[in-house]
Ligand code: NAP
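Take a look at this single chain in structure tokens; it is the form predicted on its own.
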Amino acid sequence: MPEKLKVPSEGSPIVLKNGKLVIPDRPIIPFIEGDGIGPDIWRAAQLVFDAAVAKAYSGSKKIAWMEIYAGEKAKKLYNEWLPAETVEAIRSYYIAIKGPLTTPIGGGFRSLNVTLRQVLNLYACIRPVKYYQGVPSPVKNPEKMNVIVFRENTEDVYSGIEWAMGSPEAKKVIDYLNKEFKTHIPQDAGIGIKPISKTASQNLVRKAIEYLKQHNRASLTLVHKGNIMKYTEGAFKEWGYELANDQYAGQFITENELWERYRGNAPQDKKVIKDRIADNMLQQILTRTDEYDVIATPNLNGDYLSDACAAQVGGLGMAPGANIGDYHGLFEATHGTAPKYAGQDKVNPSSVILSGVLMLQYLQWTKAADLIEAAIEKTIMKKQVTYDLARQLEGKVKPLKTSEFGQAIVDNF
């Protein structure tokens, strides 16, 4: 039995049967409240989730919430930042949701978010970015933004393999490379390793293709910096095309084929696969936004790109995120802990609420998910918004508290 976790008696665990998740009517869902603003946004989000499920299913379905601990709360309870039973709870119950977590200060500590992704092999970070009517935006046509970014979640420069300048490890690596491979790395360099594997790359691209097919999206874009990093990011691109050709034979056409054979109009039974250099893509997503649909990319590119996309549609406060493996799903707010606003009941909870929408879709409780999305848009259209949106709207708009915004969404169901 868990040491400090209280398993709700009225719920049942999600189980894996014949390669599929079986979702009971009262699933036990672990949640991590989060640090800083985490408690404020979680309270508002849980109110919304519970009310949406109750309304959508007239009481026949209900989430049995189980609190698990990471970050500052875990440090106080366990004297460690990420207890083993927290990881085991997510592994055992398959689906969980979390607020933002503090990364411990000091050398030797990896991001808790990165650690969770790697330990649980949640290799696909999924970031849907789309516009909700009424949200203030710095661009002229924010409604053109509707992309799903699939960011590889376990490798690249986020793998945590690095050594500080002057450390014995850095010196050893530098001396070895300079001697054996005739490189010219200065002795005062820090060293980091950027692994990108065929297995992880193709797992990510496969997940993106399955999403594209399931949701009938039109195109997949592989974003990479392969013109410079040929054997890591360039290989990512090649492995992506290879997977599409080998495992989805006849289902894709390239961009060249689209124009040379089909004059720009893809047949109904074909999807388009294309690729873009990462720096060019950051420009394209701003100037030719509606030409992109599902995007697959290595870790660092995905971090930059998803945030750049979110900036066009209200910022990170409106950006949900999901970390998905073969079966496990960890859904999370994509912004930080904002400690200066902790306990002020002030910030926008939409990121964690929309991450809950992704979670409900993963549970296949789409009626509740649709209810929340429609109500968020309705709430914003009425200018019932938190301070971050209120200050960008024209005219004098009195901002709502975090809790008031959550209640307004429920009132707009």
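Values in this document were obtained by computation on a predicted structure and should not be read as measured data. Position 1 is the first residue in the sequence shown; the rest follow in order.
One more form of this protein should be noted, the form predicted in complex with this ligand, which is absent from this view; the next part is about it.
Chemist: Only one of these stretches, 270 to 278, 335 to 343, 244 to 252, 174 to 182, has heavy atoms within 4.5 Å of this ligand in the predicted complex; which one is it?
Modeler: Heavy-atom contact with the partner occurs in 335 to 343.
Chemist: Going by heavy atom distances of 4.5 angstroms or less, which of Val129, Leu101, Ala124, Ile295 would be at the interface with this ligand in the predicted complex?
Modeler: Checking each option against this ligand in the predicted complex, the one that comes within 4.5 Å is Leu101.
Chemist: Can you pick the one in Asp388, Asp370, Glu67, Glu377 that has a heavy atom within 4.5 Å of this ligand in the predicted complex?
Modeler: Checked against the cut-off, the match is Asp388.
Chemist: Residue-level contact is defined here as any heavy atom of the residue lying within 4.5 Å of this ligand in the predicted complex; does Val53 satisfy this criterion?
Modeler: Val53 lies outside the contact set for this ligand.
Chemist: When the contact criterion is heavy atoms within 4.5 Å, does Gly317 count as touching this ligand in the predicted complex?
Modeler: Heavy-atom contact with this ligand at 4.5 Å: present for Gly317.
Chemist: Does Val347 reach this ligand in the predicted complex if we count a contact as any heavy atom within 4.5 Å?
Modeler: Yes - in the predicted complex, heavy atoms of Val347 and this ligand come within 4.5 Å of each other.
Chemist: Although this ligand is absent from this view, report whether Ile37 comes within 4.5 Å of it in the predicted complex, heavy atoms only.
Modeler: It does: once this ligand is placed as it appears in the predicted complex, Ile37 has a heavy atom within 4.5 Å of it.
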